[in-house]
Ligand code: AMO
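Take a look at this one chain, the form predicted on its own, written out in structure tokens.
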């Protein structure tokens, strides 16, 4: 077999071809011309390879190239092997210098500049590592839920009303009518519980919030689950625990290199993630750390301190905060059932999951009784007529059900120690960024 007809070899496979001819394809990551000898670092989807030759005409960085050569062991080369080049072919030449030097981005490029030139910066090893980890998280999410009998669904992203009410909706003109981009698939996935009993969706959601924080996006990837015939929100938390365990196991087998590159660790998921009520969580943070918590929820500092406590006391990076007040939950949250069988007017069966100091999940049991649902819609000062397309299904035997949603970018960022969630999305959308 001649070298021109060799199958493509990936850079991570060079060790299996020591002393043999190979054909590499990829991008010019870096180059150096020492006169008589030229060095080219080639980057492909699997990693880097040092290529060495003489009399080579080196194209600009980021050009697409094909290299024919022979593999030789070299202790100082990436992966311990280099390629001695016999032929360099330019498949598509860069026509101008890249606005960013990708090998140097980590230490000499401003964060906003990285986003301005995201179409190039996303090629960086650390940047694509984060996206690879997220892809494997999503894969494991799909795979495990399938094993547990869930069916994937696809819900509308153009809707007539918000799932959670409020003003954080992107408005759009729908042939002369007011419509919105969906802030959640919540209402539709509840309806689909009446079809498949167990459903999930992986899709973007939209929040028109005027925030400028390191933990928010206006468009993000939501991993949504809803399951029927539950006894309480405890069943939902048990499911999420199993899902997360499967996701972390996937990362161990598929993303060890990415975690090493980013200096991050894959957490252990306890068989039973610790659970604490919101009231007790507030008291614990106040008594243990002297941090007073106001408002109807935990503030970011309280979330951080609570996670610090459980990491130290139980070795868990995860903690469920349960029994949220009605004022902090959407209209469809099921009220807590008291010991005497009555419904609590103030507490719901809603929960959040905190991970390494930040909330990554909201979930809980939902209202499934039609009369209770209509009372709740009115109590939240929502228009019952506007909710008819959703509420009518509850006249037809909807089972007790609940679910949760994980923000993929938040989970990715927290796993990898990325300080801003925008860098856990290929092309982030925030209030100031609509391109690229």
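Numbering follows the first chain given and starts at 1. Bear in mind the structure is a predicted one, so any value in this text is a computation, not a measurement.
A second form of this protein, the form predicted in complex with aspartyl-adenosine-5'-monophosphate (AMO), is not displayed here; the remarks below concern that form.
Student: Using heavy atoms and a 4.5 Å limit, would one call residue 65 a contact residue for aspartyl-adenosine-5'-monophosphate (AMO) in the model of the complex?
Tutor: Outside the cut-off, so no.
Student: Counting only non-hydrogen atoms and a 4.5 angstroms cut-off, does residue 407 reach aspartyl-adenosine-5'-monophosphate (AMO) in the model of the complex?
Tutor: Result yes; residue 407 sits at the interface with aspartyl-adenosine-5'-monophosphate (AMO) in the model of the complex.
Student: Contact with aspartyl-adenosine-5'-monophosphate (AMO) in the model of the complex for residue 220, defined as at least one heavy atom pair within 4.5 Å: yes or no?
Tutor: Yes - in the model of the complex, heavy atoms of residue 220 and aspartyl-adenosine-5'-monophosphate (AMO) come within 4.5 Å of each other.
Student: Do residue 189 and aspartyl-adenosine-5'-monophosphate (AMO) share at least one heavy atom pair within 4.5 Å in the model of the complex?
Tutor: Output for residue 189 is yes: heavy atoms within 4.5 Å of aspartyl-adenosine-5'-monophosphate (AMO).
Student: Looking at 207, 304, 198, 144, which has any heavy atom no more than 4.5 Å from aspartyl-adenosine-5'-monophosphate (AMO) in the model of the complex?
Tutor: When aspartyl-adenosine-5'-monophosphate (AMO) is considered in the model of the complex, the option within 4.5 Å is 207.
Student: Within 4.5 Å of aspartyl-adenosine-5'-monophosphate (AMO) in the model of the complex, heavy atoms considered, which of 291, 250, 123, 216?
Tutor: That would be 216.
Student: Looking at 265 to 273, 89 to 97, 208 to 216, 314 to 322, which one sits within 4.5 Å of aspartyl-adenosine-5'-monophosphate (AMO) in the model of the complex if you count heavy atoms only?
Tutor: Within 4.5 Å of the partner lies stretch 208 to 216.
Student: Output the sequence-ordered list of residues from 358 to 384 with at least one heavy atom within 4.5 Å of aspartyl-adenosine-5'-monophosphate (AMO) in the model of the complex.
Tutor: The stretch 358 to 384, when checked against aspartyl-adenosine-5'-monophosphate (AMO) in the model of the complex, contributes 359, 360, 361, 362, 363, 366 at the 4.5 Å heavy-atom cut-off.
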